[in-house]
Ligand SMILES: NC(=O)c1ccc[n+]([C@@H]2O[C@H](COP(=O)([O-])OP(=O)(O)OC[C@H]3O[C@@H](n4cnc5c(N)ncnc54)[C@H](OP(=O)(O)O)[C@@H]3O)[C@@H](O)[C@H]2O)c1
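This document opens with one chain alone, in structure tokens, the form predicted alone.
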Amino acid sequence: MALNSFQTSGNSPGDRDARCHVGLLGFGTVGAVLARRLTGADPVPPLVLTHIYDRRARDKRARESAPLNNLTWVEHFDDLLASDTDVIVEALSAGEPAVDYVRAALLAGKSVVTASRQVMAHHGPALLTLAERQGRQLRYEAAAGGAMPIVRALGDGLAGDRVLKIDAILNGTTNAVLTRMESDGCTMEEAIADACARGYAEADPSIDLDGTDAAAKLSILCALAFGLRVRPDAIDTRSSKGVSIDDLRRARLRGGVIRQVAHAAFARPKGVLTAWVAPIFVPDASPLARAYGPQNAAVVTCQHAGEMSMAGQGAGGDAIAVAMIADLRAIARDRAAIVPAPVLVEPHEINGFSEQTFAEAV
């Protein structure tokens, strides 16, 4: 496949200002925020948004003002594939066949940025292999940590170490619900309604509270940290729906809080992975206890560097757009790069909660 001028330029000083044409797939909450960032008063060179695909493109375009309504809006995905865009950003709403769109974009010679944790958890290795074969890039920072750059940290920053354990808050919606209950003494139903009103949650947040979303993200992190292929449904999950105000008060009296924590630890000599998602007691001294509202947080334990922590907004269009723009700029900065697909193995055994964890869990 012949590379276009974008993929073959940009590595010499004279090409540094070459534009990177971006096509947006979906104009929902996340897509709208990203589009306004890329066309706003504070430009993000060399990124130039040129096309927007949405099934209701005509209606949505009519409600927008310049410069958004001056872009090319299309209602057929094939028109986006046929465009001169260099990178397609997948920002579809839940339930859309995102994996089919991502695969088609790579086959059409486009690099792709996606926020879909379900796509990457279930189809990531195959899609990354396809991207390598096509000489394109597939980046997915927003799929695991929102604005918390844990994908980049595990994939690049800690590549010189050996990760032993990850403890993380990976679902900003659930964190927003629990911390609202904690601070205001409201019911879970009231906290969920508030999260929906603020754009942190879908109308049905069950996938967040039940741990399904965090399990998918933990599956992605297991591939990056341990080189393991782990199905999300193989990760033991416990729902946070049963957490009550009384549970939160008891945790406070014990000197801590309750958080939905995703845990993964890999015993390499035995090939045994311990992985689970559950609402558990977290002592105040932990960085995870300081994550409030829609924040994500993580503590990564490494063999040589010891413990390190990070945090960032995990829900809402603004947080996802931050991660997507970082991925777009990474592609634009090294536009001819071909990222090798990961070589993953299956763990010999996957364990869930230990007895100690059960004693601490809600």
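These figures come from a predicted structure and were not determined experimentally. Note that residue numbering begins at 1 and tracks the sequence as displayed.
Beyond the structure shown, there is the form predicted in complex with the ligand, which is absent from this document and is the topic of what follows.
Only one of 111-119, 274-282, 254-262, 239-247 places residue heavy atoms within 4.5 angstroms of the ligand in the predicted bound form, namely 111-119.
Residue-level contacts in the predicted bound form: of I166, I235, I220, L92, one residue has a heavy atom within 4.5 Å of the ligand, and it is L92.
The three marked residues, F27, R55 and G199, each reach the ligand in the predicted bound form, with a heavy atom inside 4.5 Å.
Not displayed here, the ligand is kept clear of F226 by more than 4.5 Å at the level of heavy atoms in the predicted bound form. Using a 4.5 Å cutoff between non-hydrogen atoms, Y101 counts as a contact of the ligand in the predicted bound form. Although the partner is absent from this view, E96 contacts the ligand in the predicted bound form, with a non-hydrogen atom inside 4.5 angstroms. Among heavy atoms of A297, none comes within 4.5 Å of the ligand in the predicted bound form. In the predicted bound form, G314, A315, G316, I320 are the residues of 302-338 with at least one heavy atom within 4.5 Å of the ligand, listed from first to last.
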